[in-house]
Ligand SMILES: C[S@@+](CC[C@H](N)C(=O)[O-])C[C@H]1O[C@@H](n2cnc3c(N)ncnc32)[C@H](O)[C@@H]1O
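A single chain comes next, written as structure tokens; it is the form predicted on its own.
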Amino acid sequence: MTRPADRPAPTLRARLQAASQRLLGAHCADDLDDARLQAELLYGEAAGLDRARVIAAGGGAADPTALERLEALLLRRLGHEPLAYILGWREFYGLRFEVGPGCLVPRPETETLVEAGLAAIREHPSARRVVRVADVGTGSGAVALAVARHALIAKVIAVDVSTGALAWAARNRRRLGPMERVVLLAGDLLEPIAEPLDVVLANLPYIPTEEFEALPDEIRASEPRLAVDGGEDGLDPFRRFASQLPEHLADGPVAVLMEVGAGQAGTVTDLIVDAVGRPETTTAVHRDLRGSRRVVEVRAGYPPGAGAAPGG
């Protein structure tokens, strides 16, 4: 007869399954797959392993010291601290960005803004020279740095009203580069930018205040409100942005791209078309991976057939 003391210790896989159930039960995960992913990442952080090595080690025993660290990290997550804050990083557009309190966590849907922005830069008539790009509401610098690394002819000016967020952007710029083609400025929307812009990208707060109050604790209580709350109807920052836009656009071809929330694409498109104020503008709406209408784009002065389609 096997005595309790002789029973083998639970495998790492079993420990992580138990952690996954705790995360799911505390409503810290969307489903079991998401809970497993979080548990594996947390154990990897505790043990100094990447996720692939955690999975490969699943059949063996867990490291006792790593388990103690895991429990401490798990308690933070069960308290609804954002996973990215606990890990200290978030993957975005194939790059690892350092993030933490004071900075919005980059979301996968914002990669749509990067994709569409890169196309607007690539198709700009000045693409053989330098395309002057703004990233408004840069936060961690995710959009600005992803664009700069993939568009070598882009000079990117990244702006945020929060100096705390800009500190994270500066850390990411030092680590990821390119230092010489990304300028960081503190200020309200477009105001601190002195030179004319060819392509403007913006990820502004767009959640209506009433909806903000109902967001999950890890967003409402942890991430900066000024990066999420867009006022009564979610569009206050867009109106201020549109009022500033005319004086910051170059005289030649321009493109303006903005991430939007549900039901906002039409209104924001009209705001930007009016602000650009030029004949023969073309518009488009780009969908994210979930099929949501995520990014509106307005172009003026581009060659016919390049990118955004009329009435998009």
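Keep in mind it's a predicted model, so treat the numbers as computed, not measured. Residue numbers run from 1 along the displayed sequence.
Absent from the display: the form predicted together with the named molecule. The rest refers to it.
- Note on the partner interface in the model of the complex: the residue among 226, 86, 215, 78 having a heavy atom within 4.5 angstroms of the named molecule is 226.
- 162 is the sole member of 209, 126, 222, 162 with a non-hydrogen atom within 4.5 Å of the named molecule in the model of the complex.
- Candidate site formed by 82, 98 and 167: none of these residues places a non-hydrogen atom within 4.5 angstroms of the named molecule in the model of the complex.
- Residues of just one listed stretch (130 to 138, 115 to 123, 146 to 154, 173 to 181) have heavy atoms within 4.5 Å of the named molecule in the model of the complex: 130 to 138.
- Residue contact check for residue 230: none of its heavy atoms lie within 4.5 Å of the named molecule in the model of the complex.
- Although the partner is absent here, residue 240 lies within 4.5 Å of the named molecule in the model of the complex, judged by heavy atoms.
- In the model of the complex, at least one heavy atom of residue 104 sits within 4.5 Å of a heavy atom of the named molecule.
- In the model of the complex, the named molecule sits within 4.5 Å of a heavy atom belonging to residue 189.
- Using a 4.5 Å cut-off on any heavy atom, the residues of 193 to 217 that reach the named molecule in the model of the complex are, in sequence order, 203, 204, 205.
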